[in-house]
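Okay, here we've got a single chain as structure tokens, the form predicted alone, with questions on binding and movement later.
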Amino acid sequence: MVETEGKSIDTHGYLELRQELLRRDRSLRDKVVSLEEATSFVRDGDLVGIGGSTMSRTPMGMIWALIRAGRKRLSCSRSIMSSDGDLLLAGGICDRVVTSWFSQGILWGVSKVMRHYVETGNVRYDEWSHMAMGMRFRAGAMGVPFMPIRSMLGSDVQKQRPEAIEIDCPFTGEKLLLVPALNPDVALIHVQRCDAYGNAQIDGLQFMDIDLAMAANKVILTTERIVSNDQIRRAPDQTKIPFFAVDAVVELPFGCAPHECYGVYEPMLRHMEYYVALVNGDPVKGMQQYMDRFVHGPKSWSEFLALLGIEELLEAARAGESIYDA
């Protein structure tokens, strides 16, 4: 243990994590599995990092599968949570949330589902600033135990986070805040395309996904489509996550639905309006009704998409692909 101004950091646990990362199988091999098989990479009690941000490139299909697989006691971290967080809480698989904001999407404000679970004491909510979340993943990716920032200094968020340690910079004497590295046991990331080995290409905003992939002990990629390694090699500059960081690849078209995947489909706003009206009317009963119909009811991801409706899927796809129109 290292003592800093009366606060302790468990360096032993962090060093163990680094050793586990060094033991990973980084070989070039076929990693394609089914959605159901991918859930085996997540164990009860794991710290799970979730890629994307708000309603963008959310790995909704993977979250859907983990709920159906009955995982328990997950601690879930994401830069900004949306209705994915509602599903994690109502699905009974998550009892701790680490994030900088939790809404139902920019259009609908703070999640009433989250408020219910936090205010009743059923879930622990750890709030950080946007910058702090990014720097925690960056530290984890770099293999260092902390990163210095200024953004939380003097804020009420800092008061809520005793894990963050204020110091005097040894070079300038100015005040800095040290935020601890965030190294998930498993990262769930959705991408537009990757090969069977896990070389992943991301279009549009990358958010914190590259750092998240490098910080996590295991990475599960869901992808709109699996392409050949030859195609990946034709545009190597677009490969953002390398194969050696990835453990499983799942081909899952519309894997972010009803959220969006840049350049492929836009959010399915009619479905989201229906969802928000349902859960805002009653965060408990409305959420249970939604879970019964859309999570536990369908026998497969394809059946879930069928419930959303072919018309809405096609409209979302046309809108998403329109960014490439001349």
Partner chain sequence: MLEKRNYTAAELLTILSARQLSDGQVVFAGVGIPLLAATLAQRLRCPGLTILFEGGVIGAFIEPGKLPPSTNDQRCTKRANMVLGSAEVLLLLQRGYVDVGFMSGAQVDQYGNLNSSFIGDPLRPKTRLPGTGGGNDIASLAQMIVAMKHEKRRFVEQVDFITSPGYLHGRDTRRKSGLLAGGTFRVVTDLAVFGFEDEKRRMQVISLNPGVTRERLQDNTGFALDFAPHLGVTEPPTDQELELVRELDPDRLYTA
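Keep in mind the model is a prediction, meaning the values are calculated, not measured. Residue numbers count along the first chain shown, from 1.
If you look for the form predicted in complex with the partner chain, you will not find it shown, but the lines that follow are about it.
Participant: Heavy atoms within 4.5 Å of the partner chain in the predicted complex: which stretch in 145 to 153, 67 to 75, 250 to 258, 86 to 94 meets that?
Facilitator: The contacting stretch here is 145 to 153.
Participant: For this chain shown on its own, do L28, I232 and S322 all sit within 4.5 Å of the partner chain in the predicted complex, going by heavy atoms?
Facilitator: Yes, because L28, I232 and S322 each have a heavy atom that approaches the partner chain to within 4.5 Å in the predicted complex.
Participant: Quick check on K175: any heavy atom within 4.5 Å of the partner chain in the predicted complex?
Facilitator: Looking in the predicted complex, residue contacts with the partner chain include K175, since a heavy atom lies within 4.5 Å.
Participant: How about T223 - does it come within 4.5 Å of the partner chain in the predicted complex, if we only consider non-hydrogen atoms?
Facilitator: Although the partner chain is absent here, T223 would stay clear of it in the predicted complex, with no heavy atoms inside 4.5 Å.
Participant: Is there any non-hydrogen atom of G263 lying within 4.5 Å of the partner chain in the predicted complex?
Facilitator: Answer yes; at least one heavy atom of G263 falls within 4.5 Å of the partner chain in the predicted complex.
Participant: Might I310 be said to contact the partner chain in the predicted complex, defining contact as any heavy atom within 4.5 Å?
Facilitator: The answer is no: I310 has no heavy atom within 4.5 Å of the partner chain.
Participant: Using a 4.5 Å cut-off on heavy atoms, which residues of 200 to 217 contact the partner chain in the predicted complex?
Facilitator: Contacts from 200 to 217: G204, L205, F207, M208, A213, M214, A215, A216, N217.
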